[in-house]
Ligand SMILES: C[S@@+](CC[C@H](N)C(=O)[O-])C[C@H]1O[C@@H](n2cnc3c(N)ncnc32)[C@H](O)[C@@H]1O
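In structure tokens, the next block holds one chain alone, the form predicted on its own.
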Amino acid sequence: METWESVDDFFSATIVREDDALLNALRESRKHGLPEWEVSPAQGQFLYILAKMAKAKRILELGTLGGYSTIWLARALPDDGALVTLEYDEKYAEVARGNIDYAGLSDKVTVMQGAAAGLMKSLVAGGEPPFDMIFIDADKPNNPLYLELALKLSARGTVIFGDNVVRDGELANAQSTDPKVRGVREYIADLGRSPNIISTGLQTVGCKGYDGFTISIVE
């Protein structure tokens, strides 16, 4: 773990461009007692690069927290781009709005407060245009439902990123009774069964411990 953190620190000190707006999001999140669940700086810049590579103009994020990953993703958008981020906790959403405003991104980002599944259903019912990238980083037991709804908000070429799926290796434990583990196992099984999605999964180590993600593209 110490080695993992040292490598992350090296990346952060040399190639990750974490500026005042991003640091402010972390400061404000700690000040208001939000849990330290946000992505690492290196992971944040990875999301930025991924969104750029996907040429995303519309991004959907599930799980805003304090807006740290939101800022990374919104910065990858073109001038006419838009990001919709969904946050269940009212306090978290309020802190995130302040951090997003501080970063000068309020014109591109819409923070919707409420249960992600319900909000996604309302987007589908309202005829929301498809998103180019969907970042799933909310409550893990509902990941299978989020995937089902995400596909209704996708089009050919949409990139779907599922975070925190390895769960310290418990992902491989078929006997686990942990709802989070069971949720991500079912989510990944659904990805594998979906004929119009190509997916892979990668394990990661670093300052956030041992975890990993899935990345998929809709064909």
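Fair warning: this is a prediction, and the values are worked out from it, not measured in the lab. Numbering starts at 1 and follows the sequence shown.
One more form of this protein should be noted, the form predicted together with this ligand, which is absent from this view; the next part is about it.
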**OP:** May I ask you to check whether residue 137 falls inside a 4.5 Å heavy atom distance of this ligand in the model of the complex?
**Re:** yes
Original post:
Would residue 148 sit within 4.5 Å of this ligand in the model of the complex, counting heavy atoms only?
Top reply: no
**OP:** Please run the contact check for residue 105 against this ligand in the model of the complex: heavy atoms, 4.5 angstroms, yes or no?
**Re:** no
Original post:
Looking in the model of the complex, any heavy atom of residue 89 within 4.5 Å of this ligand?
Top reply: yes
Subject >> Non-hydrogen atom within 4.5 Å of this ligand in the model of the complex for each of 12, 45 and 50 >> reply: no
Original post:
Among 98, 81, 144, 114, which has any heavy atom within 4.5 Å of this ligand in the model of the complex?
Top reply: 114
Subject >> Stretch in contact in the model of the complex with this ligand, which is absent here, among 32 to 40, 153 to 161, 50 to 58, 183 to 191 (heavy atoms within 4.5 Å) >> reply: 32 to 40
Original post:
Taking this ligand in the model of the complex, which residues of 41 to 75 have any heavy atom within 4.5 Å of it?
Top reply: 61, 63, 64, 65, 68, 69
